[in-house]
Structure formats: C-alpha cells, structure tokens
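Following this are structure 1 and structure 2, which are two forms of one protein chain, each written alone as structure tokens.
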Structure 1
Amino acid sequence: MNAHGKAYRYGDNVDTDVIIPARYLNTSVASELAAHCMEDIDGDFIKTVKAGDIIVADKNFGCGSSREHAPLAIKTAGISCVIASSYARIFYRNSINIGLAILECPEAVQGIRAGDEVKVDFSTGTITNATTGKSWSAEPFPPFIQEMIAADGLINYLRKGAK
C-alpha cells in the first residue's frame, strides 16, 4: 500500500475544532463532515483537495476533542496519509481505529513544503519528497497495530480475534 499526492502543510497544535468545527457535529454522515473539513483553518482545503493528497503538520496534530468525526472527515475528503511531528493521543488512536494512515516523522515534516509532491511506502515507512528528491524513514508501527491496520481497523480486528 502506498500514498502519493500533493502536500497540504500546517503548523503546530492543529486542533479537532478546526479539523471539523462542532457546529457541524449534528450529523455523523461522513460526506457531510468532509464537506467542512479544515474549514476554520484553511477555507481552500476542501475546494482544492484531490484523492490521494497528504496532510503534513508540525507537533500535536489533532489535539482537543475525542471526536472521531475529525479523522473521518480527513479520510473521507480524500487524504491518503497524515504525516506530523507528533499527534494528540486520542486522534492517533482514532485514526488507527478507522483506518486512516498516520505517520510520525519530524524530519520529513521539516523537509516538506506546501504543494510538494510526496510519496509514502507504508510497507517500509519510507517518505519521499518527489519535488526535492529527499527521503526519510518513519518509525514503523508496532506489530499489534500493524495487525489492526491489516484487518482494516479495530472492529474487524476484534471480530477476527473473536472467531
């Protein structure tokens, strides 16, 4: 599995209220949530994002609320992978649980600018900036989490285990 797309670049502490404002949480329909993804931090995001694009951000991405609507909106908007220097823990957990690919790599974050073409090889954890030619290795997931992603999220992982 690989990701390949244009980078959207954000700073520190991107919180779940700007990823999906609470005023839109009166629904849990993924497509309706995605239509407002990143609205309060980047009004152009949803107008320009294409399937496969990648979000790159600095530290503590996804801080704040436990709303799973946040990774769900990002995934449904077409984002194939998020790369950040660090994540808020509930967002990290939620992303894995719903099958949004999410990598932690401060070095790559420093080397990627908005609009750069980025490629990710999930099997090796290699992140490549195709615009500059530089590449980095992200910390691979522990085996336990790899199994969960292979099973396409927590629910399927548990259902397989229960059989």
Structure 2
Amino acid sequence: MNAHGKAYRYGDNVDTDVIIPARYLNTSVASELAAHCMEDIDGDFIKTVKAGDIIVADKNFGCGSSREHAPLAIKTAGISCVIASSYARIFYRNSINIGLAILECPEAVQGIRAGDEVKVDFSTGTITNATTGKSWSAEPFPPFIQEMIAADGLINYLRKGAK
C-alpha cells in the first residue's frame, strides 16, 4: 500500500475543531464533514484537495476532542496519509480505527513544503519528496495495522477475519 499526492502543509497544534469546526458536528455523514474539512485554517483546502493528497504538519496534530469526526473528515476529503512531527494520542488511534494512514517523522516534516509531491511506501516507512528527491524513514506500520488500513478501518478488518 502506498500514497502519492500533493502536500498540504500546516503548523503546530492543529486541533480537531480546526480540522472539522464544531458547528458542523450535528452530522456524522462523512461527505458532509469532508465538505468543511480544514475550512477555518485553509479556505481553499476542500476546493483544491484531490484523492491521494497528503497533509504534512508539525507537532501535536489532532489535539483537542476525542471524536472520530476529524480523521473521518480528512480521509473522506481524499487525503491518503497524514505525516506529522507528533500526534495527539487519541487522534492517532482514531485515525487507525477508521483506516486513515498516519506517519510520524519530524525530519520529513521539515523537508516538505506546501505543494511538494510526496510519495509514501507504508510497508517500509519510506517518505520521499518527489519534488526535491529527498527521502526519510518513518517507522512502518506492523503488518496487522497495514491490513487494517487497507481494509478501510478496524470494523472492516474485523469483519474480514482479523489475523
């Protein structure tokens, strides 16, 4: 499983209320959540994001509430992977549970700019900035988490008969 897309670049402490503003939490319909993803921090995000694109952020991405709405909005908007220096713990777990691939790699974050083309190999943890040619190594997911993400989340993974 791999990801390849344009980088959307954000700073420290991007909280779940910025990812999906609380005023839209009256629904759990993924497409409605995605329609408002990142709008308070990046008004053009939802207009320009394409399937496969990648979010790159600094420290403490996904801090704030423990709702699964934030990673669900990101995934449904088309983001194939989030790369950050660090994550809020509950956001990290919620992302895996809904099948959103996320990697922690501060060195890659420092070497990727908004608009760069980024490739990710989940089996090896290799992150490559195709724009600059530089590569970094993140800790790859263990095989069962790779299977969970490929299955589109924990529930589907369990339905398929987790190994």
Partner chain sequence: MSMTMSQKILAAHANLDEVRPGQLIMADLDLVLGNDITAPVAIREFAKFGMDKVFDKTKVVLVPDHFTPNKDIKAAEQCKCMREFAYDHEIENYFEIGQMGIEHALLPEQGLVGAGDLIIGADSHTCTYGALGAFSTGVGSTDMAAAMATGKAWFKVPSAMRFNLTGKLGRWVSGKDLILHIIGMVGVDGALYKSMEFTGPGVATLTIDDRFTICNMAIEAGAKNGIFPVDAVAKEYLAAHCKRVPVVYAADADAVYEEHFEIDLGSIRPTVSFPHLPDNTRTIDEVGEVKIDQVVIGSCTNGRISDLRVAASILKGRKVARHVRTIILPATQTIYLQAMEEGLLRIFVESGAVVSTPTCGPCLGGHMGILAKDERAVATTNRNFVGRMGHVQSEVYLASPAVAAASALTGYISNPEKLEEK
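We call the rigid core the largest set of C-alpha positions that still match within 1.5 Å between the two forms. Each residue is numbered by where it sits in the sequence of structure 1, with counting from 1. Just so we're clear, the structure is a prediction, and the values are computed from it rather than from any experiment.
Trainee: Quick check: structure 1 or structure 2 for the form predicted in complex with the partner chain?
Mentor: Structure 1 is the one predicted in complex with the partner chain.
Trainee: Please say whether, between structure 1 and structure 2, the C-alpha of residue 141 moves by 2 Å or more once the core is aligned.
Mentor: Indeed, residue 141 is displaced by 2 Å or more.
Trainee: Once the core is superposed between structure 1 and structure 2, does residue 154 show a C-alpha displacement of at least 2 Å?
Mentor: Passes the 2 Å threshold, so yes.
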